[in-house]
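We begin with a single chain expressed as structure tokens, specifically the form predicted alone.
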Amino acid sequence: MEQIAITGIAAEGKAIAKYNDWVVFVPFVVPGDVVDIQLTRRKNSYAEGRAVHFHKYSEVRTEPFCEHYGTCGGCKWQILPYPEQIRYKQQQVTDNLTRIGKVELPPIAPIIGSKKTEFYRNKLEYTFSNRRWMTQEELQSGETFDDMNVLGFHIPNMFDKVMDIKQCRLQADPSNAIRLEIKNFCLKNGFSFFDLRNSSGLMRNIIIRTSTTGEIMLIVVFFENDMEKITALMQHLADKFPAITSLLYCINQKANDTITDQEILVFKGNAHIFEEMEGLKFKIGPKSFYQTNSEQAYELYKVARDFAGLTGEELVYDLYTGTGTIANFVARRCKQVIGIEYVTEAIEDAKVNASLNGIDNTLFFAGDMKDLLNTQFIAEYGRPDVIISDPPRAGMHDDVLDTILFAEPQKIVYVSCNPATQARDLSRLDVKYKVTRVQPVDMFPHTQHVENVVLLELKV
């Protein structure tokens, strides 16, 4: 399709074009671009494609700052100036709440943008592979390439293809230096990189976590149990990067990369790092969940606390509490907080964090939310005055919504990373609740993702 104007922004970081009766979704373009599109997928009412030639560049387009843009699956919106990004995110929240929720809404507050638009993440994971992703230029050159070992990010939708990353601008130094040093050491010493198809090789993954306190955690994940080579690499890293305060490793021989069910071993330093927020300390282990933009998480939690309007007398339920970050953050302003979370290890972290900060008015429970939060639970622990809920992207289960409606708290503070499923749940809650405040928060610059906080109050 030739000379097609890009007219808007859609989900998943793609843009929209119109062609006859079709809506066409195209990545790596922005509104105002005029392009030739090659279709890659075709349905009755829509199609997907890619831009193969630009006739005109949009006036709002900006140059990508990352050399990996267009191949790496991250930071798809970096060709949009940041003010344009948050404008579209604001519109995304508005569209979802009005079109899907179909509930009465107050004016939606202007989105809270992120002060940092680069180097804002506190956690990144990289994958080793013996089959690196080849660029179009390399494939068309006719040359033979021997350097196929790679440490980088998966190519979107391709489990066995990994792109070599020279510099990632999502996590601050020494993140890039650590990754490059590990790769160079492994190449120099002939360490085998993981074969994603055949499940073989020594080197599998690395995870780098940082905190605003200046601490650094490095987890090196091996596939083979070769202690001589493992010790050589870990000692080299300990000598090369004394700033690493938590140097860990594990041997994962499962079919998938997750390490939540694996034994994590300490090579040097502590088994954890700490994050701080308003004088509160949060212990983060290798398996702990913590919002990946630490500084913007503080802004998000302040909104949630403000919406709750606590006076010191409330019983608060914190649903999907994770490691109890929100629960402990609001505990000093209420009578008691009860946190519920599916992951047992996260609940143990939540208890540790409460103890660490001298907080004695919290109770934490581990279990499936739809099974644990029921009428019997409320009868035993009390009807909440306020419910704070921060569910996963899928939103809340129908049984959870039914229990919330039964409990009838005066306020519900709904924190969401997916305004579409949030809007669906608001529609269910509309029978008893009115939306009184809405505040979008941008946690992930250069991506399409947006967080949204909604306050619901019991109808009179």
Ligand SMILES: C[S@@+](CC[C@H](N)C(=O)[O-])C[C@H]1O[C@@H](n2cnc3c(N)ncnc32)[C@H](O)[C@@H]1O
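So that there is no doubt, residue numbering starts at 1 and follows the sequence shown. Remember, predicted model here, so these are calculated numbers, not experimental data.
Same protein, other form: the form predicted in complex with the named molecule, not shown, and the subject of what follows.
For the options Gly74, Gly322, Gly113, Gly285, the residue carrying a heavy atom within 4.5 angstroms of the named molecule in the model of the complex is Gly322.
For the candidate set Asn357, Gln291, Asn176, Thr127, a heavy atom within 4.5 Å of the named molecule in the model of the complex is found for exactly one residue, namely Gln291.
The partner is not drawn, yet in the model of the complex one stretch among 237-245, 101-109, 137-145, 368-376 has residues with heavy atoms inside 4.5 Å of the named molecule: 368-376. Each of Ile326, Tyr342 and Pro392 places at least one heavy atom within 4.5 Å of the named molecule in the model of the complex.
None of the heavy atoms of Phe191 is located within 4.5 Å of the named molecule in the model of the complex. Heavy atoms of Tyr301 reach within 4.5 Å of the named molecule in the model of the complex, making it an interface residue.
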